[in-house]
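Take a look at this single chain in structure tokens; it is the form predicted on its own.
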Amino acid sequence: MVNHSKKSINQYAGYIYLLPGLAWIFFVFAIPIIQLIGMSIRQGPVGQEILGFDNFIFTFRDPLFIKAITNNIKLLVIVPILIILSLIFSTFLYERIKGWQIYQTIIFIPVILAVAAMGIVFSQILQLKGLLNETLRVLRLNFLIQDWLGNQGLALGSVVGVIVWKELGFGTILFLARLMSVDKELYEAARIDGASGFQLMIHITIPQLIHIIEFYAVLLIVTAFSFVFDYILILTNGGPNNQTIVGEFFVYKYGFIYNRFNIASSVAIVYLLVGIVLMILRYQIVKRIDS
């Protein structure tokens, strides 16, 4: 009987050890999410009438929300750009070009910089009278001078450029780490057969990196939908004329500027569901990589 009791305790010991962590997760995440759902189906801070899906219907009819979603989708352009650039840079570093260790450090430095600090620097560089335009003047390239963050047609593209600069180092090091484990004889045999650098990339490098590329692509999609608020807030504040507003900024604007937490909550729930789908997708890809 005693042995049976000890066996039962040992069987559930792992779950007992998890209880403090699970309790913390419940209070930090589960309760706020439940409250968020409650706010999303109510009228607002003045009236507490339950509206059901009316807030969601209002949100999806709001042109500003449609603009925010559209901009999030446009930001997905960072996925192919960063994958291609990371492939190129990681290949160069793998080939041990002269000074490769210095280049590796330079590429990775932006990754460890705080978005807030980096955003302030780039907001100064990309101003109409900022460092970039002054450099173009010195080089007599005045036709290229633009208000990079104030022009409605260029602002979102400028944000994309900053995100690419910030995130490139992570993708490069991620791909390089995988390439380091590839058998060098594959490349040597292909070179002996007369394969060009492009053919090596297509037939060896990409197939060897395919699972890492899938993982990185999902990570970038999550970034485009869930981790661009800092960039937008610091660089453009959603402007000019809401041309760079994204979902996170929409939540911030309705919740803390317009004080309409019911609408902000409904959008947050939508993005939460999108985030869950992306996390499941990411988990499946990681599972494939490990298997």
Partner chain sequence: MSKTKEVRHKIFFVLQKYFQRKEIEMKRIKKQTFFSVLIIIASFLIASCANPKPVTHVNQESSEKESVEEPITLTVWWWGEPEAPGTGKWLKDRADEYTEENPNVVFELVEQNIDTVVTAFKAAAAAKSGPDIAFLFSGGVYVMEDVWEGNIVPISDYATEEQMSTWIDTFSKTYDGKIWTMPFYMQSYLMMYNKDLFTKAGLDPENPPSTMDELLNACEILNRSGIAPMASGMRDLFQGGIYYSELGVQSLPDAYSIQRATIGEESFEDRQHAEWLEALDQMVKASCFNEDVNSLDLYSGWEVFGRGEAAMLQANDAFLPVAIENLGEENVGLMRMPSYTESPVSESMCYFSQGLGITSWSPYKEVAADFLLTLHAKENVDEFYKITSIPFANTNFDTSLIKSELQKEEFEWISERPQLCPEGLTAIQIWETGVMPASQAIFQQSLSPAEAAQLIEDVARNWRESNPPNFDNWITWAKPGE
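Positions refer to the first chain, counted from 1. Here the structure is a predicted model, which means the values were calculated and not measured.
There is another form of this protein, the form predicted in complex with its partner chain, and it is not shown here; the text below is about that form.
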If contact means any heavy atom within 4.5 Å, which of 186 to 194, 84 to 92, 210 to 218, 120 to 128 contacts its partner chain in the predicted bound form? 120 to 128
Contact check for T70, F225 and A268 against its partner chain in the predicted bound form, heavy atom at 4.5 Å: no
Even though its partner chain is not shown here, does I163 get within 4.5 Å of it in the predicted bound form, heavy atoms only? no
Does any heavy atom of S40 come within 4.5 Å of a heavy atom of its partner chain in the predicted bound form? no
In the predicted bound form, is there a heavy atom of its partner chain that lies within 4.5 Å of any heavy atom of Y258, even though the partner is absent here? yes
Does its partner chain come within 4.5 Å of any heavy atom of G150 in the predicted bound form? yes
What residues in 132 to 146 sit within 4.5 Å of its partner chain in the predicted bound form, counting heavy atoms only? none
